[in-house]
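Just the one chain here, laid out as structure tokens, in the form predicted alone.
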Amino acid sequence: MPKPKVGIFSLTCCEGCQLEILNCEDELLDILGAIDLVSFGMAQSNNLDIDLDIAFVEGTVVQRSEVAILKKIRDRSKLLVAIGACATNGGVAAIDYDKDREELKRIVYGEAGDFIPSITPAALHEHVKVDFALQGCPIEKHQFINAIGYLLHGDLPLLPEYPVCTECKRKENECVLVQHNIPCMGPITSAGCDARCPSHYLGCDGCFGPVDEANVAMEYSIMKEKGMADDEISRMMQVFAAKSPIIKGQFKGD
């Protein structure tokens, strides 16, 4: 039986998710033995024409050319997996997606900005069908390894459907939000990181995106009670997930 053909691609991003895949040092040879990796930009292998069984794509769509690149990847892939906060919810690049792009270019680049073909930042699902998503900024390598295993068996991966708070409870962490007044997005953020930040007395910054049915309004109210200003809460909630429907509904009226 032939090995599935896999490609790993990036649009506008820091390429941290590809780096996290390379960090699967102990497992990388086993992964490469199970798949035919025909495209991987960070590893200096990039074939843009071969049909793929699985395409992993990171990054935000912020240029017109990237729309065409993404659609071409979608057309030649049986499964397309969005990886990372940028691909799934727009990421940092989409914080001010509702602002005028030409004005933002002038503010940041001056006259040089006229040569940048920027468009409204978008998550992958706004342009193509996404079959599955791995969250995080960057993704967690253990979730990538598990996803490969599931996909090789013909199944979509299973991911946690509960918030970071559940991971904190399992580790018997003190609640940084309630007990220490540290701003924390744990109550509304998808689990999967093993509560890494709260375990070190840092508030969760929401890089895994909103958990299903997250009570964003209640979280907003709690953080206001802890002394945070409205604009601070708004910015914190939109850093990684501005294009998430549940976050857009809270702040953009969508």
Partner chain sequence: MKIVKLPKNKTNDFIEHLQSFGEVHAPQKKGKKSCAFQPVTDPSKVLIGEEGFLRTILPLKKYFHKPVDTLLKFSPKTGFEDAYEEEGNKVIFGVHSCDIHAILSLDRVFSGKYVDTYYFRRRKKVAIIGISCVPDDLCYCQSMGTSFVEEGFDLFLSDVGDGYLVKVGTSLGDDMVSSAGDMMTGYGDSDINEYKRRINEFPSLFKTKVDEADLPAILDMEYKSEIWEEMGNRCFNCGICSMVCPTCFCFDVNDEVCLDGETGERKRCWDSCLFKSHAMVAGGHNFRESRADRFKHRFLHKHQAFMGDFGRPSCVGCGRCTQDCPADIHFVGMVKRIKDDITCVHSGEEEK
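Numbering follows the first chain given and starts at 1. Bear in mind the structure is a predicted one, so any value in this text is a computation, not a measurement.
Just so you know, the form predicted in complex with its partner chain exists too; it's not on screen, but the next bit is about it.
Colleague: Using heavy atoms only and a 4.5 Å cut-off, decide whether all three of 51, 67 and 251 touch its partner chain in the predicted complex.
Modeller: No residue of the spot touches its partner chain in the predicted complex.
Colleague: Just one of 125, 72, 78, 170 has a heavy atom within 4.5 Å of its partner chain in the predicted complex. Which one?
Modeller: Contact check passes for 170.
Colleague: Might residue 153 be said to contact its partner chain in the predicted complex, defining contact as any heavy atom within 4.5 Å?
Modeller: Output for residue 153 is yes: heavy atoms within 4.5 Å of its partner chain.
Colleague: Residue-level contact is defined here as any heavy atom of the residue lying within 4.5 Å of its partner chain in the predicted complex; does residue 98 satisfy this criterion?
Modeller: Looking in the predicted complex, residue contacts with its partner chain do not include residue 98, since no heavy atom lies within 4.5 Å.
Colleague: Residue 174 versus its partner chain, in the predicted complex: is there a non-hydrogen atom within 4.5 Å?
Modeller: Judged by the heavy-atom cut-off of 4.5 Å, residue 174 is in contact with its partner chain in the predicted complex.
Colleague: Is residue 55 near its partner chain? Define near as a heavy atom within 4.5 Å, in the predicted complex.
Modeller: Contact with its partner chain, no.
Colleague: In sequence order, which positions of 139 to 159 have a non-hydrogen atom within 4.5 Å of its partner chain in the predicted complex?
Modeller: If the 4.5 Å heavy-atom criterion is applied to its partner chain in the predicted complex, 139 to 159 yields 145, 146, 148, 149, 150, 152, 153, 158.
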